[in-house]
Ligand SMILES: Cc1cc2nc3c(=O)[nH]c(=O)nc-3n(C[C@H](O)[C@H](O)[C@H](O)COP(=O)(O)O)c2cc1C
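What follows is a single chain, given as structure tokens, in the form predicted on its own.
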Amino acid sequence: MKLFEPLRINGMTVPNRIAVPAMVTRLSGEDGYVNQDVTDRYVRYARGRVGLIVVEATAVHRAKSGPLLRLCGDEFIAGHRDLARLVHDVSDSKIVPQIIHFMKVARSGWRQTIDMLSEQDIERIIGEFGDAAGRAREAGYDGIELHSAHAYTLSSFLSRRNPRRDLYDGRSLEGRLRMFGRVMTRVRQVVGEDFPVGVRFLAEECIKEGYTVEDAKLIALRMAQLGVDYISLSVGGKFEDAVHREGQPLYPYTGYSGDRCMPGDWYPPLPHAHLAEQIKQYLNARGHSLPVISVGKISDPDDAERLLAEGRADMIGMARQLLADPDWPRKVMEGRRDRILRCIYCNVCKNLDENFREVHCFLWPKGLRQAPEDRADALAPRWPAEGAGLSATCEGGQIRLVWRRADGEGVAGYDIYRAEENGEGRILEAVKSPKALDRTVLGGLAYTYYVRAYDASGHAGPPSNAVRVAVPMPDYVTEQRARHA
């Protein structure tokens, strides 16, 4: 599979094409140091054989921001050095920190914007990025990633909503690119040409008057001209459409752009793959071959492989899926796809981050701070002697499902499969208790359901009995049809 072919990035050989993008864990303390919980999270990805591990946003400055990793001083180097070493000790995974600058937000809803930055502020920020990059190299990381996405400083300069009217003028593309260009130049002066420097930026802002993929192509081209070694793409996650909750600072993933950034279960698979494809093709047509990472609800191995095989991406990024099951690469590599703990995109992890709580996965057994270990020898859950007894009833335009509890060691939950009419059964939802409600059915169609219990490492038991439900057509439809008969 192309998914497991190595990739060379400026002297760094990534062992496969699977990446975990930066995903805030809230496991660090207010002091910003790497601690044991943080280390355990990233070493867990390495044991799962993730090719490229991007450490969560790590601040280049000392601004207050709750639990957040930092590289804003030499005192933080030792912890990062230990993290990088431990990852390298357990696998050939490569690890890079995502370094970030952000501006002030207040509980009143006020936020600092880039037009409030003085020339001295800008010079200081450029220096802070360079200094943090140098510390990352000293700590033994394999490279760095510049955070130029979402609601943060570098992204705000790139935005079409950039309000500045000077050398960084938001009315011109060149003005919007200047800040990133100066940061990239400074970083290269510090780390040298032989140290991988990637960037994460937005393929689309997904806000009113924000830029689209047409601008993103040109932004990517300039980044390639500046010597960026890989591009990781995201979308949305902006302050401009964030919903303010009284007494809480703005969280940039609460509006529509936040939905687009972390698409939930109601979005189709691969909603952003076409954006990465267009940007990659644009770069390749102009002689640039730097790798492009595609992200956004890519969790099925066949989907991931197809994007690579068809030349639509060079690497596949999975944040929520690899949080749910960091052994995804190893399970696919070993032909154990049936053991993958499938992300259901419920976004509990997103909600935990929004509330400044430790980020865990809903699918893990209650109380765990890290993903369960893969137990290849564990016995799968099983149904009691009398069977699962799955039943389904239609009530008020929704389907109520009930079944018996499964037996076995460490039953973690139940995957609910649904097929529409005579289609293929797909996971609709995962639940902890033996009951569920499907609110997404349409009158006039028939649905078939079955359930499988799974353990903490994704080992699923046999399917339950299948039940078929024909959802009646609503009265207003039948009445309308009768009038036109």
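Start at 1 with the first residue shown and count on from there. Predicted model, so just to flag it, every value in this text is computed and none were measured.
Only in words, not in the display: the form predicted in complex with the ligand, which the text now covers.
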Q: Report whether the minimum heavy atom distance between residue 157 and the ligand in the predicted bound form is within 4.5 Å.
A: no
Q) Is there any non-hydrogen atom of residue 101 lying within 4.5 Å of the ligand in the predicted bound form? A) no
Q) Any of the heavy atoms of residue 317 lying within 4.5 Å of the ligand in the predicted bound form? A) yes
Q) Is there a heavy atom of residue 147 no more than 4.5 Å from a heavy atom of the ligand in the predicted bound form? A) yes
Q) Heavy atoms within 4.5 Å of the ligand in the predicted bound form: which of the stretches 399-407, 163-171, 176-184, 342-350 has them? A) 342-350
Q: Could you check which residue among 283, 262, 197, 411 gets a heavy atom within 4.5 Å of the ligand in the predicted bound form?
A: 262
Q) in the predicted bound form, which of the listed residues (295, 388, 307, 290) lies with a heavy atom within 4.5 Å of the ligand? A) 295
Q.
Within 4.5 Å of the ligand in the predicted bound form, counting any non-hydrogen atom, which residues from 418-456 show up?
A. none
